[in-house]
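Coming up is one lone chain in structure tokens, specifically the form predicted on its own.
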């Protein structure tokens, strides 16, 4: 493979937890995703891969679908006996759809795992993750705002994003919109370019807006189109905000919040199976008319 100096970003998984189709869902989108003639392709759970040379890669969030994602993306496949181009994994929160894939990466392969202290403790406190051989898999705790290099030449920082604790840590009604180590975004810098990955966000605060302003690319939380989407579709009882995700449309939605920030490319990821932007229609047209793109598995961005 010829080496390049590009900042390469591959959307390994564009869907939210459960993927598309979700295993136990018969909503319109899931039915279409099961029908090969519908034009709506199945999508795996939220993850990005980034490289500077096309040889060494860092993966942001270890999706439960990571085996399939590696199979679907040749740059991440082994090039010799017992090899992986994946050098590091970075976690943005402790949700199942972002860390369960670590169990797939247990085959005596060396890599470094980066996370905040809070997310790192979730991994450390669950004995099932002891399958990651500590002699091969090193775990690095990153402080909020601390610069680190998941790959040589790639500068990264984790920053707090309004959110909540993972569902399995909820005890009663959780605090919503808290900013701390449980939900973070990632800032990436290389070659004068700035890229942000924010797969979960409860609200765009003034400080977050200032951070994202004038960015080259922002991959942003597109979980639900409307806050009450799951209630209206009969697929759940919670609003998007109760789940820690701001809606795309409506008052306080990300369409308006990101529209005036002069971001060169705005790409929705972590899209729920119920979200109507997956298919052609007025909702998708509204999003695209505002200059947003809908991420999809295998989408590649080069800077």
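Positions refer to the first chain, counted from 1. Everything numeric here is computed off the predicted structure, so don't read it as measured data.
From this point on, the text means the form predicted together with a further copy of the same chain, which you will not see here.
Partner contacts here mean any heavy atom within 4.5 Å of a further copy of the same chain in the predicted complex, and among 196-204, 212-220, 154-162, 97-105 they occur only in 97-105. Taking a 4.5 Å heavy atom cutoff to a further copy of the same chain in the predicted complex, the contact residue among 226, 84, 112, 141 is 84. A residue is said to contact a partner when one of its heavy atoms sits within 4.5 Å of a partner heavy atom; residue 239 fails this definition for a further copy of the same chain in the predicted complex, lying far away. Taking the partner from the other structure, a further copy of the same chain in the predicted complex has a heavy atom within 4.5 Å of a heavy atom of residue 21. Contact between residue 253 and a further copy of the same chain in the predicted complex is not found at the 4.5 Å heavy atom cutoff.
The closest heavy atom approach of residue 257 to a further copy of the same chain in the predicted complex falls outside 4.5 Å. Counting a residue when any of its non-hydrogen atoms is within 4.5 Å of a further copy of the same chain in the predicted complex, the hits in 129-155 run 129, 130, 131.
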